[in-house]
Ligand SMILES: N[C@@H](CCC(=O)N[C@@H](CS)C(=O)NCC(=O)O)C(=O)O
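First comes one chain, alone, set out as structure tokens in the form predicted on its own.
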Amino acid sequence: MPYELKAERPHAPAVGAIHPFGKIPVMRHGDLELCESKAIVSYIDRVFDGPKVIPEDIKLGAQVEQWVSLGNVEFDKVMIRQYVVGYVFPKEAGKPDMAAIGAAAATMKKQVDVLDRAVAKDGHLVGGQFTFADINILPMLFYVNRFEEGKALLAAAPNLSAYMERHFARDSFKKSMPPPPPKS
């Protein structure tokens, strides 16, 4: 579908005008404003022609929902909220809590193993096709891969490494990259 990406940071006025808590992503389509990934994906799947990222097949659709839930509840909690945030927003400026980051990395090991097995068969999380499950997990892996322990864990997972390399090369992934962090 045609779109215009407007790179905005969380809590920017344009984002806050749509999301009550200033989070991204947000979307405008005509007079409709939506926030939250699941709502946006469901709308796009229903309104536009083309491959569905939540398959209409009941079993495949349920598997996508399962992986999205695991991503939002399990992977995001450790990979992003504990590990990445531990580096990016340390409690003491310029001094990441390496003990907390190490504990998060230890927990991520099992998560990486789970994902490595999941993509081993056909390079996707569900049904041999690119779905919302992949779309939801890939940004987490991208950010984990920016830091030493995460990069090492991901590099040790051959199926997941190949999965990331293939999907990070997608034109849609490249075009939706967030802006670089502001200079401090």
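Here the structure is a predicted model, which means the values were calculated and not measured. One rule holds for the numbers: they count along the sequence shown, beginning at 1.
There is another form of the same protein, the form predicted in complex with the named molecule; it is not shown, and what comes next is about it.
Trainee: With the named molecule left out of view, choose which of 36, 57, 65, 149 has a non-hydrogen atom within 4.5 angstroms of it in the predicted bound form.
Mentor: Contact with the named molecule in the predicted bound form is made by 36 alone.
Trainee: Within 4.5 Å, heavy atoms only, one stretch in 151-159, 43-51, 121-129, 22-30 touches the named molecule in the predicted bound form. Which?
Mentor: The contacting stretch is 22-30.
Trainee: Using heavy atoms and a 4.5 Å limit, would one call residue 110 a contact residue for the named molecule in the predicted bound form?
Mentor: Residue 110: no, not in contact with the named molecule in the predicted bound form.
Trainee: Does the named molecule get within 4.5 angstroms of any non-hydrogen atom of residue 91 in the predicted bound form?
Mentor: Outside the cut-off, so no.
Trainee: Given that the partner is absent here, does residue 81 sit within 4.5 Å of the named molecule in the predicted bound form, heavy atoms only?
Mentor: The answer is yes: residue 81 has a heavy atom within 4.5 Å of the named molecule.
Trainee: Should residue 16 be counted as a contact of the named molecule in the predicted bound form, where contact means heavy atoms within 4.5 Å?
Mentor: Outside the cut-off, so no.
Trainee: At 4.5 Å, heavy atom to heavy atom, what parts of 98-131 sit next to the named molecule in the predicted bound form? List them in sequence order, or say none.
Mentor: The stretch does not touch the partner at all.
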